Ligand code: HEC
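One chain comes next, on its own, written out as structure tokens in the form predicted alone.
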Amino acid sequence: MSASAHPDSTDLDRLHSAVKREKADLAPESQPTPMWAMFLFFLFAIIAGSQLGFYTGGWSFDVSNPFTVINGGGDPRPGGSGAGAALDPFALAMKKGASGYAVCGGCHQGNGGGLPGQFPPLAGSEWVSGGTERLIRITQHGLVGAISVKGQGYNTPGGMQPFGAAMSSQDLANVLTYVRNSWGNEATMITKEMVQKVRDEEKRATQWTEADLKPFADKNVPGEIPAGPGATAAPAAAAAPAAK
């Protein structure tokens, strides 16, 4: 007669269930993070955050300006207070236009050279240095179809898209002034008033073609040119000599 087996030795299901209930062993030298350490971390984060908020004035750029020491204070961003406020209208338009040109550079390239056959160059282009009205109309409503620039043919897929709805009159004026005075180009600046005048007069709903724009090839929008090449604004009056 064989000895009776232990009652648990053959109950495999019960054994497996017990194993599954066991917690996984921690790796050697590994212990859960103590509660006191977590408490100290959160306390430190709260104190540091409150001090940071206090000394930065609530994250105001004018207060937490990282360029204060470098630039002597003020807002170094285009259009901000500080050094930009002292620039003449032409220099300020060039500074802001350089930033705004980012929306154009993807096609016309950062150097204004364009891409052969597709995106015409802006550097040395007669379309850029020619009449200001044609240039404003193009950026306002776009351009589609084949065109000739510097004796070469271009046909942008889908055409140049209009920027009139996406950019203000001032933004367009800045970018156009920048384009007309970069990469060797030199021409009069385009002002916000010039862009607004064309906008008020032209309510076109479709893109232009080269043929449509021929009447405006050499036509300039009237208006005072405050600074830069061809400035028409009267120079500031000189200070009166001191009385002797």
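These figures come from a predicted structure and were not determined experimentally. So that there is no doubt, residue numbering starts at 1 and follows the sequence shown.
Another form exists, predicted together with this ligand; not displayed. Remarks below refer to it.
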So, C107, S125 and Q161: all three within 4.5 Å of this ligand in the predicted bound form by heavy atoms, or not? yes
Sole residue of A91, A166, V103, A98 within 4.5 Å of this ligand in the predicted bound form, by heavy atom: V103
This ligand contact in the predicted bound form: Q118, any heavy atom under 4.5 Å: yes
Non-hydrogen atom contact L143 with this ligand in the predicted bound form at 4.5 angstroms: yes
Residue contact check: L176 to this ligand in the predicted bound form, 4.5 Å heavy atom: yes
Using the partner position in the predicted bound form, report whether N155 sits within 4.5 Å of this ligand, counting heavy atoms only. yes
